[in-house]
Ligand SMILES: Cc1cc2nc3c(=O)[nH]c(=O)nc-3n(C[C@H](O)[C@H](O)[C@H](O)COP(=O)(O)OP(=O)(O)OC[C@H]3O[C@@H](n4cnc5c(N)ncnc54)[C@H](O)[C@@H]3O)c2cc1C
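Form predicted alone, single chain, as C-alpha cells, below.
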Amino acid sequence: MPDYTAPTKDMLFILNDVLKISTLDIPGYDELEANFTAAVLNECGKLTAEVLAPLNAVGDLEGCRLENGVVRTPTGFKEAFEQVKAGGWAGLDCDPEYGGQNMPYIMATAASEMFGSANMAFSMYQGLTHGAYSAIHAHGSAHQKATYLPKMVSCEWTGTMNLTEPHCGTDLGLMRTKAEPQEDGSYAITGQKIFISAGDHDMAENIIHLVLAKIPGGPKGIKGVSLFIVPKFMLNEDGSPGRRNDLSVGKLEEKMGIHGNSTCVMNYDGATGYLLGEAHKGMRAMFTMMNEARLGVGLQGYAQAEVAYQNALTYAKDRLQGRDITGVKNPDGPADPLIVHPDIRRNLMEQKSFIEGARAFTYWGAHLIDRAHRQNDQDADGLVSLLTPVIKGFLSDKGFDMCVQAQQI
C-alpha cells in the first residue's frame, strides 16, 4: 500500500529559512516563530500520515454510495472527519468571531498540502467548506454570517460551490438555473448542476450549497448571474436543521483517484435560496472562492507529486534490478537496487527539485494573499491575482508529469 510521511522539515525550511515569515511586517506573522510553526505542522503531519493516509486506498476502493437519497462515505471517513473537527483544522485561518483560530493563510496552506498528499478525496470535504466560508464571510450580510459561519468553521456543516451545468461549464453566461423571487425575500432555485464535489455526504448535519443562478428579467449572459445560499436542510427558529429543502442528488459521478469524495449531480426543484451579495453580481462573489481554489489546485498538483515521489524513492531503494555501471553495490544480493542507476537518480532528482520549487512558489503566493487581506496591500493583491492562474496551471500540469515519472520508476 502507498505510504506517506509529512515532509515537515522541508516545509519549515521554506517558511523559516527562505521566506523568513516571522520577520515579515504582516499582522500575525510575528507570532509564527520557528517553534510554533513546527508544533502546528508536526501535529498536522501526525494526523495526516497516521489517520488520513491509510484511508486513501479504502476510499478509492469503496467509493461513495447513494442510498435512499443520502450519500454514504467510505469506511472510516466519518471517524476521521470527527478528528479533523476536534483539532480545529478546518478553521485554522478563519475569523475568531466565528470560532476560527485566525492564523495567517500561509499556515492553512502548509496544512492543506499535507491533507492533499495524504488523502485528496477526504480533504476536499473541508476544502470546499473553506471556500464557501470565504465567500459568505466576504459578501454575506451580518445575519448570514452569524447564521452559517460558526457551524462551517467547525465543519459541523459543510459547504459546496455549484457552477457547472450539463450544457455549460466555462461559459457560465449560458446557465439555465433560475431563481424566482418570493414574497418573503427568498428565492425559489430550479435547475441542475453537475460535478459538484462533496455535494452530499453523511459526515455533517447540514450542507450549505452556494449556487449560481439567474434572476428572471436580469441582464443577459454572465452579467445576469447571481449567487445564492441554498441549505440542504432549512433552519428552525433556534438555528438547528429542520425540514429537507427541495433539492436532491440525481446521481454520483466518477472521478478517477477521488472515489472517496462524493461528486454529485444536484437537482434543485424550487429549493429555497437566499441571495449572497448583490443581485447580478454572483461572479464577483464566486471569484472570492475561485482565487483561493486556483491556488489550492496548484497546491494539489505538487502535493500529489510529493506522495508519488516518496513512494517512488522507497521503491527505487528496495527493488533489485541490474548492476551499477561503476561496480557492484549490493554484493550479497543477486542485483543492485534501482536507485544506483543514473537515469533513475536523475528522474528522482527532477521530481524532488520540482516539489521544492513548487512548494516555495505556492507559499510565496499564500504570503501575498496574507499581505492583501491583512494589510490591504493593493500591489500584493494585483500580483497574486496575476499569478494564481499561473500557479494553478503550471503546478497542476507539472505535478501530473512528476506523478507519471514516479509511476515509471
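Because the structure is predicted, anything quoted here is derived from the model rather than measured. A residue's number is simply how far along the shown sequence it sits, counting from 1.
Here the subject shifts to the form predicted together with the named molecule, a form of this protein not shown in this document.
Asks: Looking at 83-91, 155-163, 70-78, 304-312, which lies within 4.5 angstroms of the named molecule in the model of the complex, counting heavy atoms?
Replies: Only one stretch passes the 4.5 Å heavy-atom test: 155-163.
Asks: Is the gap between residue 181 and the named molecule in the model of the complex 4.5 Å or less for some heavy atom pair?
Replies: Contact with the named molecule, no.
Asks: Look up in the model of the complex whether residue 170 has a non-hydrogen atom within 4.5 angstroms of the named molecule, and give yes or no.
Replies: Residue 170: contacts the named molecule in the model of the complex.
Asks: If we define contact as a non-hydrogen atom of the residue within 4.5 angstroms of the partner, is residue 255 a contact of the named molecule in the model of the complex?
Replies: Yes, residue 255 is a contact residue.
Asks: Does residue 287 reach the named molecule in the model of the complex, with heavy atoms at most 4.5 Å apart?
Replies: Judged by the heavy-atom cut-off of 4.5 Å, residue 287 is well away from the named molecule in the model of the complex.
Asks: Identify, from the list 215, 194, 293, 229, the residue with a heavy atom within 4.5 Å of the named molecule in the model of the complex.
Replies: None of the others qualify; the residue that does is 194.
Asks: Go through 206, 263, 190, 134 and name the one with a heavy atom inside 4.5 Å of the named molecule in the model of the complex.
Replies: Looking at the other structure, the residue within range turns out to be 263.
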